[in-house]
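Quick heads-up: it's one chain on its own, the form predicted alone, in C-alpha cells.
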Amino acid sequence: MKRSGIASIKARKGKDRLVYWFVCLFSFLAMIPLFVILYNVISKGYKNFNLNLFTKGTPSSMDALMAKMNGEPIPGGILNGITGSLLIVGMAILFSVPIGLSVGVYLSENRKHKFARIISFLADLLQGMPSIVIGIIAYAWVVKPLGGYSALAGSIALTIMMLPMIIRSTEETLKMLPQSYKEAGLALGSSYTNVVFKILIPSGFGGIFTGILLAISRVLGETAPLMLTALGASVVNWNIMEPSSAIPLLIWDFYNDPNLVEMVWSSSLLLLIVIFLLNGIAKIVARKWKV
C-alpha cells in the first residue's frame, strides 16, 4: 500500500511538472509575436522619433520625397494628429465616463430587475460590435444630421466603444464591495445618493479607474470609426465642428503614401508608448487600490 501511494504521488508530481512546462512553452510562444512587433516598431520608428514629431504638422508628399532624395530625415511631424487625438479622445472621456458610471451603478444595485438584465445584455452586445459598424452608426446619427465630418462625430463614435468596458468594470467592481459598506452608510443617516457617490464609488476607485484607462487604451488606436466621422485634417484644428486628424488616421495616410511610409513607424511607436503607459498606470492603480 505504501509503495502504491508513493508511486501515485510521484505520478501526480510528474504530471504537474509536465503541465507546468507546457504552460511555460505556450506562454513563450504566445509572446513571440509581441516581441517581433516591438522589435520592428522600435528599430524602424526611432529614426524619425525627434522633437519635430511633436511640434510640426504632417509634411507634404513632395517635401518627403525631396528629403529622401537628399538623404535627410523627413521634415515635419504629427502635431495635428496628436492634438486631434487629444481633442477627440478627451471629449469621448467626458461623454462616456458619467454615462458609464451611472449605468454601472444602476446595474450593480438592480441586478435582479428585468430592465437591468436587458441593459447588461445590450452592453455585452455592444462590446463585441465591430468598430466599423459603430463608425457607420455614428455617420448616420451624427455626420449626416450635422452636414459634415467633425471631431464631435469622432468622439461620439469612440464614446459608444468605451461605454461597455466602463459599464462592466464599474458594475463588477461595485459587486465586489462588502454589503456592509452600504448598510453602514445608510444606518448613519446618509442618503442613498451620498452612499453611492461618497462611499461605494470611492471604495471601488481602483477597479473603476482601471476600466476607464483600459477603455481609453482600446479606442486610442481605432481608425475605422474615425475615417467615417472625423475624416482627418492636415493642420491643427481645435474646432469640434470641423474635420480633425488623429494619430491612427495619420498612420493610415502615411501607409498609403510611398514617400511618407517611414512616418508610419515613428507614429506607431508613439502610439505604442502611450498605450503601454496607460496599461502600466492601470496595473499600478489596480494594485494600490485593490478591492
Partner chain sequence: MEGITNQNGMEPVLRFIDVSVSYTPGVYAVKNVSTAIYPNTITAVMGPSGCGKSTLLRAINRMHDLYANIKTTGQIILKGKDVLKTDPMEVRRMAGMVFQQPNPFPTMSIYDNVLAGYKLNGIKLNKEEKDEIVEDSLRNVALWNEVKDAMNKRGSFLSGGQQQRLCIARALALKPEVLLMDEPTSALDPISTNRIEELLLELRKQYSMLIVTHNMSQAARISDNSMFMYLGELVEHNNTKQMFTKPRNRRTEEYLTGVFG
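Positions refer to the first chain, counted from 1. These figures come from a predicted structure and were not determined experimentally.
The form predicted in complex with its partner chain exists for this protein as well; it is not shown, and the discussion that follows is about that form.
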Legend entry - in the predicted bound form, the one of Ala187, Leu146, Ala140, Leu122 near its partner chain [non-hydrogen atom within 4.5 angstroms]: Ala187
Inset, instruction - May I ask you to choose, among Ile132, Leu214, Ile199, Met91, the residue with a heavy atom within 4.5 Å of its partner chain in the predicted bound form? - result: Ile199
Legend entry - Residue contact check: Ser191 to its partner chain in the predicted bound form, 4.5 Å heavy atom: yes
Legend entry - Touches its partner chain in the predicted bound form: Ser102 (any heavy atom, 4.5 Å): no
Legend entry - Glu72: touches its partner chain in the predicted bound form, heavy atom cutoff 4.5 angstroms: no
Inset, instruction - Would you please decide whether Tyr181 lies within 4.5 angstroms of its partner chain in the predicted bound form, comparing each non-hydrogen atom pair? - result: yes
Inset, instruction - Considering its partner chain in the predicted bound form, find the one stretch among 83 to 91, 173 to 181, 114 to 122, 154 to 162 with heavy atoms no farther than 4.5 Å from it. - result: 173 to 181
